[in-house]
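Heads up, the chain below is alone and in the form predicted alone; it's given as structure tokens.
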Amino acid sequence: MQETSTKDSETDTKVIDEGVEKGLKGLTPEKIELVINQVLKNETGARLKLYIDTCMRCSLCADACSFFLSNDRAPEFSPAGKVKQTLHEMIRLKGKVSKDTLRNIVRIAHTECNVCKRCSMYCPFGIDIAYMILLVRRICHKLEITPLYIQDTVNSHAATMNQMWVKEDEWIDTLQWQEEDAREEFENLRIPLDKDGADIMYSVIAPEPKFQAGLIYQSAVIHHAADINWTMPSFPGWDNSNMAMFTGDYEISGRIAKAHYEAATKLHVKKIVMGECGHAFRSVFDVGNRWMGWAMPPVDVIHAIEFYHYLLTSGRIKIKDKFKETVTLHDPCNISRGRGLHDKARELVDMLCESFIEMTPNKEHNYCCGAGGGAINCGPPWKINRMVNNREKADQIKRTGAKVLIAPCHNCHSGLEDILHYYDQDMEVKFFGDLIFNAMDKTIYKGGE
């Protein structure tokens, strides 16, 4: 089995991804050429041609990329450099690409780009490089050379409509378990399942029932305290994550979005409130609706930041004690650059915390966590490379000197924890929900009063 070079002189790590290698083994030159040309001819159009013909190789996108900065400004890590090594090679060779080249292409497209779109902000023509990298991933998907771990996640989506192989009875049992625990503190608290006509459907990503059930407990307490008319579906569609969106499996990605919207419409809810996850919000609010042919979602969709902001500013949640440790805030790409929630996030920080230090850069200019775009989901084989490629993010966090890092996104939360451990930084990562749960005045809600 051939090894995949990471181009990383610091670690000199050679990564073997079993999923990629198995897929490559089954490919023929004819199959490679056929699939590449089919995608380029039948699934693209004026948009791709415009981007390819417009790029002036000016390198203004380079400094926008944290991978480029983390790797001592090596040209191959610049956004334009990554496109040149992947999509441009496929076009230049008219699909006649070798297996060794494909192996290199998979590594670049899946593990050296977070499709965060920061580079597009600095391109003088607004070229969407993320779109081109995702197109490369689409080709990799159709060639069946997607990295093993993220492909397994997509397989779980296909089989269970959630990314963690959570069975329906396990999902319901977890909600009942969290409700029982919460009722020991708030005797009238309920996690209403399948309530018809509720004001909101609250949706989460599958790692919560699988590994972080306490976050569901916290959310239930917040909903109860705020006297929200809410529900959660007992059936598939409760998981709002969508890793197929990042592997180029449009078919499964569409099924996931459809199931989520159908859950909301079946329950006749007025609004979907999504938990603290950025890619999930992007997949439902901005990608899933368009896959279904809608300009906007058929049901109002808001992120947890917007929901929490409403609860605190309306007085439905009373804050007893502000958080006293110094905090800094990470702006997730998909809800800051993608949705513009960075100002509301800072208003939340002001309402919840006594001491706040900004990252530099920040808001829509913030660097990606390095885990997004499916990078963290490519799994353990690629973790060391992900850490080295996140050196710039580690430096950005360290410069704040804060004790606590707020990350209102699951992938960001996990990716930033990895960075802090790898770079030996003494900082704790929290969600906004953690802060609200600990800062709110719970005494006035005892007994459901």
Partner chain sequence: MNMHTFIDFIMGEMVIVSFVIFIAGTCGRLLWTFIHINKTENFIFSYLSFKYSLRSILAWLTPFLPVSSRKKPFFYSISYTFHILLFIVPIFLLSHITLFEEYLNWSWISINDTSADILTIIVILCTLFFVTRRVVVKEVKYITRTSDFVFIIIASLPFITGFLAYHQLFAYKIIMIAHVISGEIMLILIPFTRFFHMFIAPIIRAYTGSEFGNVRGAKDW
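What you see is a predicted model, and the numbers here were worked out from it, not measured in a lab. Residue numbers count along the first chain shown, from 1.
The discussion below concerns the form predicted in complex with the partner chain, not included here.
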{"item": "Residue stretch of 116-124, 145-153, 205-213, 192-200 approaching the partner chain in the model of the complex, non-hydrogen atom distance within 4.5 Å", "value": "116-124"}
{"item": "Thr111, Lys258 and Ile302 all contacting the partner chain in the model of the complex, non-hydrogen atom within 4.5 Å", "value": "no"}
{"item": "Answer option from Ala80, Leu312, Ala225, Ile376, heavy atom within 4.5 Å of the partner chain in the model of the complex", "value": "Ala80"}
{"item": "The partner chain: the contacting residue among Gly254, Pro236, Gly95, Gly338 in the model of the complex [heavy atom, 4.5 Å]", "value": "Gly338"}
{"item": "Close approach of Thr54 to the partner chain in the model of the complex, 4.5 Å, heavy atom", "value": "yes"}
{"item": "4.5 angstroms heavy atom contact with the partner chain in the model of the complex for Ala159", "value": "no"}
{"item": "Heavy atom of Tyr367 within 4.5 Å of the partner chain in the model of the complex", "value": "yes"}
{"item": "Touches the partner chain in the model of the complex: Lys318 (any heavy atom, 4.5 Å)", "value": "no"}
{"item": "Those residues of 292-309 which, in the model of the complex, come within 4.5 Å of the partner chain by heavy atom", "value": "Trp294, Ala295, Met296"}
